[in-house]
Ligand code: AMP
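Coming up is one lone chain in structure tokens, specifically the form predicted on its own.
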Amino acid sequence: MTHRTLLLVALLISLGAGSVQAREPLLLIGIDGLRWDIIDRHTAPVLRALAAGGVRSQGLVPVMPSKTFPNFYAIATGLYPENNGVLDNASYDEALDMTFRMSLQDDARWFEGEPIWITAERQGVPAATMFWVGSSVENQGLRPRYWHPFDGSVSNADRVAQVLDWFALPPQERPQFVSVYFEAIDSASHEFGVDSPEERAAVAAVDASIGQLLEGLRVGGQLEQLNILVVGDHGMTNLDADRIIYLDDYLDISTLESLYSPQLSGERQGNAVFAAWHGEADQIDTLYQALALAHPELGVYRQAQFPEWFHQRHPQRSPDLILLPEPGWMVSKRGVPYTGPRANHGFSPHERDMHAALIASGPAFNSPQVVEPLELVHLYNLMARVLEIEPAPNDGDPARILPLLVPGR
């Protein structure tokens, strides 16, 4: 082989390697319980710097209910719960006569729709997910190229190390979409309350982990062309034992044998911030008549009267009745002790305390700027646009994400 041929082969190899990396990669960082204002209330220098130099939304509006599983999966699919099957952290399926719970993260029957990592893989863009809701199941015969089922015992440092290892892979093996998830802030807020010292410490710890991740990417030479999307799933508000609505003060629930509520049955016996009921029409009507005007802080809705923004009309999992207390209130039953949490979410997504945070940084984004509150279902289209892939059908509006992007993207 001549010297000229060797040079040509080297050039072709370099061009081939470059073509794999021509697409700007996307790092999706999901932070459970990252309320829209939390980095203003607590020390978070890394996230504050990303927000100041990038795009920050005034708020990220969750889907209903404002809980973890429905919202992280809505981010992934761009679909409302009625279209992606994840209606709550616990969803009863009448056709299967079973309840999907968070422990069933590997049950593919629960997760409908097409998440962004499958959209990417279908179009030849390798993906990697670290603990994202729904990423443990096979979808259309596909999985992300690299993935880990959720394991809360894995430290933040080990999560960061795994992401850095993925970005350090050879170009032909390196994922172009990577997601990572942190739950420490949500856990601290639940147990100790909004604005507690423990919440403050959790924010600092997660912020430091993101700083380590970004520094590792800088040292590895990947940071400059990397697009970063930091998202929360919901906000948080404080609770207390004086704001509990006891349903059995208004009717004898034990007589309604055909009714079932995943939030008020079995191991989840009470102190719910959102309750979905399933039952026969006459039993649902009895429940409605007893509770509709029972308490000024309680909203009661039968399926036929669900507001459109509920997006809870799944053909097999749609509740027959929903109880939605005002922020800070809970529904329960007498005899169920209240031992916490100190703060919770799950209330109406229209409530400001339920709004999450959105921060975007990187060459794809029109920075710096602050934008209006954005519904969380629009993020799927945003990620597809950044990755330069064709989105699957979804409930987002492509026009809503254009102000976040550099013109022409």
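Each residue number is its position in the shown sequence, starting from 1. Not measured: the values here are computed from a predicted model.
Unshown form predicted together with the named molecule; subsequent notes refer to it.
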is_contact(residue 69, the named molecule) in the model of the complex, heavy atom dist at most 4.5 Å: yes
Partner proximity in the model of the complex: residue 187 to the named molecule, non-hydrogen atom cutoff 4.5 Å: yes
Residue contact check: residue 133 to the named molecule in the model of the complex, 4.5 Å heavy atom: yes
The named molecule contact in the model of the complex: residue 89, any heavy atom under 4.5 Å: yes
Interface stretch in the model of the complex with the named molecule - options 38-46, 376-384, 60-68, 348-356, non-hydrogen atom within 4.5 Å: 60-68
Position in contact with the named molecule when the complex is considered in the model of the complex, options 105, 83, 162, 286, heavy atoms within 4.5 Å: 105
Position in contact with the named molecule when the complex is considered in the model of the complex, options 326, 112, 183, 320, heavy atoms within 4.5 Å: 183
